[in-house]
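First, one chain by itself in structure tokens, the form predicted alone.
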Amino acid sequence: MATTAKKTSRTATREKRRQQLIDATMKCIARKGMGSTTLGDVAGEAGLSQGIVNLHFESKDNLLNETLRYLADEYKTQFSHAYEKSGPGAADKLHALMKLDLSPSVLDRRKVAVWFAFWGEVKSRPIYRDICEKSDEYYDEIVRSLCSQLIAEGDYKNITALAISTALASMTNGMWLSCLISPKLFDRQNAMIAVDEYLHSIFPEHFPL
């Protein structure tokens, strides 16, 4: 029994250290950029020795890979929660997902800076591209499905679910960029109003203003 408790404690400590280092990595990337961030920077930010970083991740590449996986998994968890907790209708769910993308828990400048840092490297880093593509595929499939349901329900003409889901993703990505580069000008409420107006223009019966 005592041995099991010790193993559980060691596992918890290991996970705590790994998360501590991932959090420190995101802070460093947001502040210094990916190329300028070193394992020493991460160790200093976390208040740990560089040996601890090497023990848990072995290399900077492994640390960055796990940081991106953490971001993708965190977003997927929030996305799934918003989808499941929203109202039963397709319009309710679509609106909840759009609202999530502009919420403080997702549209956080530090996290957005890290996302863009990784996105900037996907061309030369296949593993980054793979992680991002899987995340995007999950998002796109659900949003596209919801748009298809709304088109069928409202008998909307001359529009496609693919075009609408692509436009919505482009809108929210653009708003993330605006928040990152012009934080003083960016207004979260106005951004949501813009999304609502677009949804109304496409699905007027489902999104009345």
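Throughout, we count residues from 1 along the sequence that is shown. None of these values were measured; they are calculated from a predicted model.
The same protein also exists as the form predicted together with another copy of the chain; that form is not shown, yet it is the one meant from here on.
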Requested in this report: Answer with yes or no whether E15 is in contact with another copy of the chain in the predicted complex, where contact means some heavy atom within 4.5 Å.
Outcome: no
Report task. Although another copy of the chain is absent from this view, report whether S170 comes within 4.5 Å of it in the predicted complex, heavy atoms only. Result -> yes
Query raised in the report: With the partner left out of view, is Q19 within 4.5 angstroms of another copy of the chain in the predicted complex by any non-hydrogen atom?
Result: no
Query raised in the report: Looking at the partner-bound form in the predicted complex, is R110 within 4.5 Å of another copy of the chain by any heavy atom?
Result: yes
Query - One residue of K60, K32, R69, H56 in contact with another copy of the chain, assessed in the predicted complex (non-hydrogen atom, 4.5 angstroms) - result: K32
Query - Contact residue in the predicted complex, chosen from G174, G40, G51, G47 - any heavy atom within 4.5 Å of another copy of the chain - result: G174
Requested in this report: Output the sequence-ordered list of residues from 181-209 with at least one heavy atom within 4.5 Å of another copy of the chain in the predicted complex.
Outcome: I181, S182, P183, N190, I193, A194, E197, Y198, S201, I202, L209
